[in-house]
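Only one chain is shown below, in structure tokens, and it's the form predicted on its own.
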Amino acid sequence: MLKYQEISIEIEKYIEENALQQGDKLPVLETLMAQFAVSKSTITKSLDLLEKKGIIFQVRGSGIFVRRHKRKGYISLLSNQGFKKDLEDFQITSNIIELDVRTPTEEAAHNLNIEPNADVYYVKRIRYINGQTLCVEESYYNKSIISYLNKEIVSESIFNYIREGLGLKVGFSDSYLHVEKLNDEEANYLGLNKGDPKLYVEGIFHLTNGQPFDFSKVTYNYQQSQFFLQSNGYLL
């Protein structure tokens, strides 16, 4: 991980630990340069990264301000850290349907950039929010990177385990959204009816070095799921 990325994580952690709110002002550029003992260009890169993530905004001549203003219960469509972080005020539980080591599908191998005969952890689980079905999730984890998973880990937050248990740095993600209708199997898992609407999200998650480690397909319960998207500039 590059220095400016590490600093952006530290600043984000500072905002969270101090429960800073929308409009709260951060230390000035010179103070941050001294605090982290880095150049102006490094701090500028860190702030630009945080601004792109929708965490801060900068006003020329006035300073650096906290932007994040999330509504409770909303899942970020730009998050690369797993949605449990967005829903930390809610009880998120899981029912594991499948957990095994297998060779990937052609689609999964392509998205993980691995050989067709490579091993992956396959995880299929239903996620619940306060006891209500939130989504059904199907994931393929590159076993050469995510070397170990068990039911205890999978029943909680896999991304927390990846960061804290394996010490890996999650970098960026690519998400592809589809609006479709539920099939029989999906409707059964979610407690809905076949033909009900669904938001279906394919996600490819990478480490900071660019290696893809997780290819996931998540089908959300339209009655329980809410999403938000933060952007910079104008949407055309």
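What you see is a predicted model; the values in this text were computed from it and never measured. Residue positions are given as counts along the sequence shown, with the first one as 1. Take the two forms, superpose them, and find the largest set of C-alpha atoms that agree within 1.5 Å; that set is the rigid core.
Quick note: we don't show the form predicted in complex with the DNA, though the next part is all about it.
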_Is Lys25 near the DNA? Define near as a heavy atom within 4.5 Å, in the predicted complex._
yes
*asked:* Contact with the DNA in the predicted complex for Gly171, defined as at least one heavy atom pair within 4.5 Å: yes or no?
replied: no
*Heavy atoms within 4.5 Å of the DNA in the predicted complex: does Ala34 have any?*
no
_Non-hydrogen atom contact His178 with the DNA in the predicted complex at 4.5 angstroms_ = no
_Whether Lys40, Val59 and Ile64 jointly form a contact site for the DNA in the predicted complex is the question; each needs a heavy atom within 4.5 Å._
yes
_Aligning on the core only, does the CA of Lys169 end up 2 angstroms or more away between this form and the one not shown?_
no
